[in-house]
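Consider the single chain below, provided in C-alpha cells and representing the form predicted alone.
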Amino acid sequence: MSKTFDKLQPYLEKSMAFQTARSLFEWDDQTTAPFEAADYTAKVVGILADEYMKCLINDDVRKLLKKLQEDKEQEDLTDTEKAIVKELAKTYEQLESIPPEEYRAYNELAPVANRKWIKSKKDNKYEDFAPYLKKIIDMKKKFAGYRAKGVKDPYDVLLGDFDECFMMSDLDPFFEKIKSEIIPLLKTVGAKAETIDKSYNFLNYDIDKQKEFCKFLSGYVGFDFNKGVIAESAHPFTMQLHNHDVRITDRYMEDNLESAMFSIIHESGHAIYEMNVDDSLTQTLVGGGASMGMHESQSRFYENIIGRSKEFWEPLYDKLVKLYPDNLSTISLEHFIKGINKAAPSFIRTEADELSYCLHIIIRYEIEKMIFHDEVSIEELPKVWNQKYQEYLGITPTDDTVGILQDTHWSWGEFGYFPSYAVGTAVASQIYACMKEKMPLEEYLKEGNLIPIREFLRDSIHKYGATKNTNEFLQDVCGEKFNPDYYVNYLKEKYTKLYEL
C-alpha cells in the first residue's frame, strides 16, 4: 500500500473526469450536434482541455510522480499501480513541455478543423480545408519539437504516442518487406480478380435494412448493447468513456452493401476490446487498449481474418440473402466469399481489400514523414498523394474527395496514427496463427460460436488494458515479439487458395 499513490489519486480522478467530458463533446460533435455548433463548442472543449492539463501538470503531481518512480516507492506499488505510474510519466512528458495556452488553442482548433474537413470533402474543395490543415500541422510540428528536445526525430515522437514499440527504424523495414512481398502477389492476383463479378455489391440496398443487419452483426460478434450504442458519423469510429460505456458509429451507402457491414465488424472489434478491460483498470490511465497497434489488431482480426472467412458466413449468409432476395438470391456463398475478398486497387482505404490495404497505409506514412521533415508544402500534398497512388496501386484519384480528403485523421491532428493500422493488421495475423494452435477456430465459426474466441482474447489481452505494450503482449501470448512473417504468410496462403494460384 503506497500512501504516495493515494495522494496522487484525486489528481488522476479529476483529470479522468475532464477527459470523459471532452470525449462526450467529441461524440456529440461527430454524431448529433448541428453542423454550425463546432466554432462555439470548441471554446468549451478548449476550457476542458486547459483544466485537464492543470490537473496533471502542476508542482504537486510532479513531486508525487518523481517520488513514485524511486525504487523504494516502487516496492510498495501493485503491478497495476506501477503501470499507472508508467503511463502517467508518458502523459506528463507529452504535456509538460507544451505551453498551456498553446495546448488550449490546439484543442479549440481541432474540432473546427474537423468540421471544415467534413464540408471540404463533401464539396471536393481541398483549398477550403488547406488553411486549417496547415494550422494543425504547424502546431503538431511545434509540439513534437518541444518534446523531441533536439534529440529525437519529431515524427518518432508522434509515432510513439500511438505505439511505443514502433518507431521509423521499426516501420521502415516492415514496410519494405510488405512492398517486396505483397506488391508482386497483388499483381499476380489482379489478373484473376478481374474475372470475379462483384456488380451485385453496388445495387440498391435499403439503408434501414442495412442498419438492421449491421446491428445484428455487431451483436453476433460480441458487442454488448447493455454497455454500448451505435450511431452514425461521416467516418466510422469507436469511443469509450469506460468499459461500461463504449460507443461506435457506422456509415451507410445505398449502393455499397459491404461498406457498412465490414465497418461495423471493425468497430465492434474495437468495442469488444474496451468492454472486456477489467473493472479494476477502467477509468484509470491504463483502462483502455494497450496501444493503437494492438487496438487495430483486434478490429482488423474481427473485420478480416474472421469477417471475410467462409466459415464465418456459413451460418449467416442465408439471413443476408433473405433480407435482399432480389439482389442476392442468385449469388452463391462461394461467389459472395470471392466477392468480399476480391483484390483490386481502389482509392478508398476503408474500402480496400486485405491484400492492397497496407499499401494505402504506406502512402500515408511516407507522406507524413515528408510533412514532418519539411519535404512537402500544404499546397503540394494532393499532387504527392496522387503520385504515390499511381506508384503503389497503379491508379490516380479522380478528385480530392477520394484522394487526400478521404480520411478524417489529419483534421484531428492524428499524425503518426496511420501506421497503427498496418502494425495492427500484421499483429492480428500473428495472434491468429497462435490461436489456431490452441483451438479449432474455424469449427467454432462454422457453428456460429464466437464465445471461445472472445474469451481467449479477453483472457489473453483485453482484460489487461494498457498494463503491457504491444511486444509484451505478443511475447506473452505468442511466445515472440512482433514478426511480420506471419502476416506475409497469411496473405500468401489465403490468396493462393482463394485464387487457386
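This structure is a prediction, so every number in the text was calculated from the model and none was measured. One-based numbering along the sequence shown.
Another form exists, predicted in complex with a further copy of the same chain; not displayed. Remarks below refer to it.
- For a residue to qualify, one of its non-hydrogen atoms must sit within 4.5 Å of a further copy of the same chain in the model of the complex; all three of 21, 32 and 247 qualify.
- Screening 196-204, 280-288, 136-144, 85-93 for residues having heavy atoms within 4.5 Å of a further copy of the same chain in the model of the complex returns a single hit, 280-288.
- A heavy atom within 4.5 Å of a further copy of the same chain in the model of the complex is found for exactly one of 111, 236, 419, 228: 228.
- Contact with a further copy of the same chain in the model of the complex, defined as a heavy atom within 4.5 Å, holds for exactly one of 459, 472, 51, 447, namely 51.
- Interface membership of residue 485, defined by any non-hydrogen atom within 4.5 Å of a further copy of the same chain in the model of the complex, is ruled out.
- In the model of the complex, residue 328 stays away from a further copy of the same chain, with no heavy atom inside 4.5 Å.
- In the model of the complex, a further copy of the same chain sits beyond 4.5 Å of every heavy atom of residue 429.
- A residue is said to contact a partner when one of its heavy atoms sits within 4.5 Å of a partner heavy atom; residue 28 meets this definition for a further copy of the same chain in the model of the complex.
- Looking at 32-49, the residues that come within 4.5 Å of a further copy of the same chain in the model of the complex, counting any heavy atom, are 32, 33, 34, 35, 36, 37, 40, 41, 44, 47, 48.
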